[in-house]
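The same protein chain appears twice below, in two forms, each given on its own as C-alpha cells and labelled structure 1 and structure 2.
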Structure 1
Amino acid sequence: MKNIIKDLIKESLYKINKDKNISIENIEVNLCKDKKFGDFSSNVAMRYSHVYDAKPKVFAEEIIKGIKEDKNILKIEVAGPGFINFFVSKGSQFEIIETILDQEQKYGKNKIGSGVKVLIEFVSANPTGPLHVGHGRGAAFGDCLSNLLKENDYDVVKEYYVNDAGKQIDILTLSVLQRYHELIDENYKFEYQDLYKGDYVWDIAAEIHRNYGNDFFIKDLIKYTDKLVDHYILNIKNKFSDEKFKKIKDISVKFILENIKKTLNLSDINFDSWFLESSLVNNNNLKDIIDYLNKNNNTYTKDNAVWFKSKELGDEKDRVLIKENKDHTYLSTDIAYHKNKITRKFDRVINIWGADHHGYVPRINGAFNIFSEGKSELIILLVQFANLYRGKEKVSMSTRSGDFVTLEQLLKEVGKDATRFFYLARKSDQHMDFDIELAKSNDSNNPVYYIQYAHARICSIFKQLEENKMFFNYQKEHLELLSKEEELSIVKKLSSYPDVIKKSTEKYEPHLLTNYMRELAQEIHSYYNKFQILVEDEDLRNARLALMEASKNVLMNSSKIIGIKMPNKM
C-alpha cells in the first residue's frame, strides 16, 4: 500500500512541475499512529515545498488535486502544517497478510544496501582474560546489527581485532610466569600489583607446566620483580631469550582466544575474520603508515618520540605514535589497522567500541580520513556499560583482580536467548541494568518469555486445529471478515515491520526491533485472551488463522535477526 501511495504522489509531483525531480526513494509514507488521522501519512509537502516555491499547506492541497483516483484510496486530507493523510479501503488493509503469507521468511527484507561492502568490527576485547558481562552487550549489539545489515542486502564481514602485540600482553605473560613458578615451588610468594589475578591465569600456567615441565623456570625469579611493571617486563625479557618469552606469550594468548571463541559460540556469534595486531608489526604495515604520515606532515619529533598531530584533527591534544624507547603505541597499530581496512576496499567501516573509548574517536576518525580520501566511510558506535544485578543487589566487577562474572557464566545461568535480548532491549548509548533473576523468570514480566509465549500460543492454535481434524484454507476474500479493533491493530502492526527493519538499520538501533517484538506480542496475547480463533464459522476461522500465521512469520523473522529461538510450545 505504501508503494501505491508513493507512486500516486510521485505522479502528482510530475504533473505540477516536470522539471523537478523528486525520487520516489525520498518520498516518505508512514503508518498513522492515531486512526482518526487516517491509515497512512506523508510529509512530502513540508519537506519539498521550498523546491516548488510554495507554502507547505497550499502545496499539500495542490498535490492532492493531482492524485488520480485509485480503488485503494477512500479519502485524502491535509492536516496540521501540511501532512497529507490517506484513508484506505478496508480490503487494501489486508493485502499485507497476503504479502506475508506469500513471502514468509523474505518479508521485511529489502535491497537498500545492495552492492555496499561493510566491515563491522566488534567485541575485540584484549586477549588478557575471559569475556565478561561488559563485553556481552557489544557482542550482542554487533551481531544483531550485522544481521540487520544483511536483511537490507548489505555485503557484511564481521571481524574481531586481536590486540596481541601490546603492553597488556606482556603483563599477561608475567602474570602467567609468576603463577607457573608458584606451581613449581610453593615457597614463591609474589606481589600481584598491576598483574592479572584471575583463576584463568592458574589454568594457563598449569597447561604450560603440564606440557613443558620446568623449561621456563628461572632460579630466584623474585629478584627480577619490580614495582614498576615496565621495569619488570624489561628484566624478564633480558633474562629470557626472545624465543622463550614469545613462547609463553603465544600459549597464553592462544588459550584465552580459544576461551573467547567458545564463549561467543555459546551466544551463536561467529566471526568471518580474526585480525591479529601482531601481523601489522611483523609485515611492515606499521613502518609504512609512520613513513606516510611523516611525508604528509602529520607528525613531528619531540623528546625523541614521534607524535601524531591529532589536535589538528579534532583531538584534545597530540598523541605519541612511537615512544622514546622505539616501542609503538596502541594508536600507531590502530591507525595501521584502519589503513588496512581501507585497502580491503570496504565502502563502510563500522567500529563498535565501549563508551570508555569516546575520547579515542577523534584521533582515529582523523587518521582514517587521511588515508581514505573520501573513498570509505568510518562509523564509530559507542556501547554503554551494563550493570549486573541479582534482584536489587548489584554484582561487583573488577577485571584486573579477577573478581567478575564471565559472559560464559551468564550465558549458562540465564541462557542465550534472554542474554541476547536483554542486552539489546535498550538503546546502546544508554546505561542498562541487567537483572539476572528477571531474565530467568517464566512470566510476563520477562520480555523474552512473553514474546516466545506469543509464538507458542499461535503454534498451539494450529495444533488444536489439527487435533480437531480441521484445516486452514486461506482465501483472500475472507480477510474482510476481520472487523474487530484488535484484529485491525495487529494488521497495522504487521504492516509496519519492514519500516522497523529499515529504520533499525539506518539508525543503528536494534532496540527498535526488540521494542517492536514486545508490542506485537502484546497485541497477540490481548487478542488471544479476548477472542476465540477456532470458531464454528469456517470463513471467519480461516481469516483469523491467516492473521495468526502472518503474525507467526513476523515473530520468526524478527527472532532470527535478534538471535533468539521461537519455541513451538512452552
Structure 2
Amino acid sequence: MKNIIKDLIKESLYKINKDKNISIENIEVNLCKDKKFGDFSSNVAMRYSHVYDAKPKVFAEEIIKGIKEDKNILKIEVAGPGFINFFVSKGSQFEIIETILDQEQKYGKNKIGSGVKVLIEFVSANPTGPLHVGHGRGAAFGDCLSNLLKENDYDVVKEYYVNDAGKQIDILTLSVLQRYHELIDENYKFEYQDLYKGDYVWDIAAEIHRNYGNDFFIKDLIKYTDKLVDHYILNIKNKFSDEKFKKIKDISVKFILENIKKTLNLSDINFDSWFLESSLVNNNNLKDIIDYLNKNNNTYTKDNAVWFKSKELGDEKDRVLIKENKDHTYLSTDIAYHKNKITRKFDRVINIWGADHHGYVPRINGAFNIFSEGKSELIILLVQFANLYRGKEKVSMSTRSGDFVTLEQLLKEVGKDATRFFYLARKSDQHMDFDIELAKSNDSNNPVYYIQYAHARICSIFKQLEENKMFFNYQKEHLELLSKEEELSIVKKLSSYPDVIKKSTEKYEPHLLTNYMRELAQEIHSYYNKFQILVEDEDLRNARLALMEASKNVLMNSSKIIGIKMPNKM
C-alpha cells in the first residue's frame, strides 16, 4: 500500500512538472500515529517546498490535485503544516492477511542483499578464560544481526577470531603450569599477581596431569619466576623445549575453546568459521603486509621500531607495528587479519567489538581502506557492556580475581530465550542494566513470556477449534467481515513487519524487532480479551482465525530471527 501511494505521488509530481528534484526513494510515506490523520501520511510537500519556492501547504494542495483516482484511496487531505494524509479503504488493508498466509516463512524476507557477501565477526573473546556476561551481549547481537542479514538475502559468514598467539596466551600457559605444580606438590604454592586465577585453570592443570603425569614438572620452578612476566615466560621457554611449552599452550587453548563453544551452543550460536591468529603469525603474511605498507609510504622507522602512519588516517597518533625487539605488535597481526578478510572477497566486513575498543577503530579503519581499495566496506559496530543486577543489587564483576558470572551460569540460571531477548531489547551502543531477577521472573514483568503467551493463546484457539470439530475454512472474501478498530490495528501492524526487518538490518538495530514483537503481542492480547474469535457465524469466525493465523505467522518468523522459542502451550 505504501508503495502504491509513493507511486501515486511520484506520478502527480511528474504531471505538475515538479518531479525533477524528487526521486521516488526520497518520497517518505508513513503510517499515521493518530487515525484522525488518516492511514498514511507523507511529508514531501514540506520537505521540498523550498526547492520550488512554494508554501508547503500550497505545494501539498497542488500535489493532491495531480493524484489520479485509485480504488483503494478514499480521501486525501492536507493537514497541519503541510502533511498529505491518505485515507485508505479497509478492504485494501486486509489484503495483507492473504499475503501473509500465502508466504508463510517467507513473509518479511526481501532480496536487498542478493549476491552481497558479508563477513560478520563477533565474540572473538581471547581464549584465556570462559565467556562472561559481557561477551553474551555481543554474541546475541552478532547472531541476531546475521539472521537479519540472511532475512534480507545477504550471503553471510559468521566468524570467530581466536587470539591464540601472543602474550596473553603465554600467560595462560604459565598459569596452567603453575597450578600443575601446585597439584603435584603443595610446597609449590606461591602467588603471582599477573596470572589467571579462575577455577578453570585448575581444571586444565588437572587434565594435563591426568594425561601426562609428571612430564612437565620442573623441580625448582621457583628459581625461574621473575617479577617481570615477560622474563618469567622467557625463562620457562628456555627451560622447556619450545615443543613442551607449546604442548601445554595447545592443550590449554583447546580446553578453553571447547568450553566457549559449549557456552555458545547453549545460546544456539554457531560459527561458520574459526579463524586462528596463529595462522597469520606462522607464515610470511606479516612480512608481506609490512612490505606493502612500506612501499605505499604508510610506515617509517623511529627508535628502532617500525611505525604505522595512522595519524594521517584519523588516529590520535602513529602506532608501532614492529617493536624494538623485532616482535610484532597486536596491531600488525590485526591488520594482516583484515587484509585476509579482503582477500576472501567479502563486499562487506562487519566487526562487532566491545565499546572499550572504540579507540582502536580509526587505525583498523585506516589500514582496511589502504588494502581494500574501495572494493570492500568495513563496518565496526560497538556493543556497550551490560551491568548485571540481581534486583536492586549490582553484581560485581572482577575478571582479575576470577570472581565473575560466566555466560554459562547466566544461561543456565535465566534460560536461553530470556537471555537473548534481554540482550537484544536495548540499543546495542547504549549501556544496559541486565536484571537477572527480572529475566527469570515468569510473570507479567517479563516481556519474553508476554510475547510467547500471545503465541500460545493463538495456538490454543486453533486447538479449541479442532476439539469442537470445527475447521478453519478461510476464503479471501471473509476478510471483508473484519471491521473492528482492533482488527484494523493488528493488520496495520502486520503489514509493517517487512519494513521493520529492513530497517533493523539497515541500521543494525535488532531492538527495533524486539520492540515490534512486544507491540504486536500487546495488540493480540488486547484483541483476544475484547473479542471472541470462535464465534457462531462461520464466515466471521474464519476471518478472525485468518487474522490470528497471520499474527502467529509473524510472531513465529520474528522469533526465529531473535532466536527464541514460540511454544504452542504454556
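In this text, rigid core is short for the largest set of C-alphas that superpose within 1.5 Å between two forms. Since we're looking at a predicted model, the values are computed, not measured. By convention here, residues take numbers in order along the sequence of structure 1, the first being 1.
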If only one of the two is the form predicted together with the RNA, which is it? 2
Please determine whether the C-alpha atom of residue 12 is displaced by 2 Å or more between the two structures following superposition on the rigid core. yes
Could you tell me whether the Cα atom of residue 128 shifts by at least 2 Å between the two structures after core superposition? no
Does residue 505 shift between the two structures by 2 angstroms or more at the C-alpha, the core having been superposed? no
Core-referenced Cα shift (Å), residue 24, between the two structures: 5.4
Distance the CA of residue 67 travels between the two structures [rigid core superposed, Å]: 3.7
